[in-house]
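Quick setup: one chain, the form predicted alone, written in structure tokens, and binding and motion questions come after.
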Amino acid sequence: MSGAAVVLTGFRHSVYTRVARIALAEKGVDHEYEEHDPFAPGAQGPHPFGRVPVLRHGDFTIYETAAITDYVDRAFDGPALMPVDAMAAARVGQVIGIVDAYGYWPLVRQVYSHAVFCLVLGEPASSETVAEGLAAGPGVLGALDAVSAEGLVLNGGFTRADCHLVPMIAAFASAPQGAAMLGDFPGLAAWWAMVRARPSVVETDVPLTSELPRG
């Protein structure tokens, strides 16, 4: 299927859509992009649970972001996004697990959503929700800081761990409170300072505006 069309369906302000876009950019995969707002009334889209992103490669469709980045890395030429070393590969899986299970909710849905997203869109925001996210933040950032300090991943190379973590930290650090807290974790802060200028990170950064796209 090397010549088959590749189509990514996503929502431009979704951190998980950005994960997939970074992986595709790192591998140099030409693809089409279809915008789908999962929050629009009656929205369903190609994901059976109404989420994004979804990747189609010819007749093959895959959803769930970790499965998408795994497939992109295996199916296409380009720089490998998984280390060969068993311990480093395990750390990649660990970082993705931390992001999904412990990081996304406090960093993105609580801090970013209520300290940045809702304010830009003029929607109700909760300072209590921001405080809850900030209270959980050190545990998440500390775990990731330890991984970075170990040096197996988040160390200057670029793996699926970076693909998954970049959008979460970008969102969190866009809130002043998040940026201040990130500075308390020097290894993670140094990693962010290094990767934020990477071409795949820059080109997938979609500015947040007061009007959400529809369609």
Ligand SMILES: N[C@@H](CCC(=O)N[C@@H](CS)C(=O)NCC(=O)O)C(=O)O
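Start at 1 and count along the sequence shown; that's the residue number. Since the model is a prediction, treat every value here as computed from it, not as a measurement.
Another form exists, predicted together with the named molecule; not displayed. Remarks below refer to it.
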> Pick from Arg51, His31, Lys27, Arg56: which residue has any heavy atom within 4.5 angstroms of the named molecule in the predicted complex?
Replying inline: Arg51
> Applying a 4.5 Å heavy atom distance criterion, does Phe39 contact the named molecule in the predicted complex?
Replying inline: yes
> Any of the heavy atoms of Thr69 lying within 4.5 Å of the named molecule in the predicted complex?
Replying inline: no
> Is Glu150 close to the named molecule in the predicted complex, meaning a heavy atom pair under 4.5 Å apart or at it?
Replying inline: no
> Is the gap between Tyr16 and the named molecule in the predicted complex 4.5 Å or less for some heavy atom pair?
Replying inline: yes
>> Please determine whether each residue of Glu64, Tyr104 and Arg109 possesses a non-hydrogen atom within 4.5 angstroms of the named molecule in the predicted complex.
In response: yes
> So which stretch, 31-39, 142-150, 183-191, 155-163, is the one near the named molecule in the predicted complex (non-hydrogen atoms, 4.5 Å)?
Replying inline: 31-39
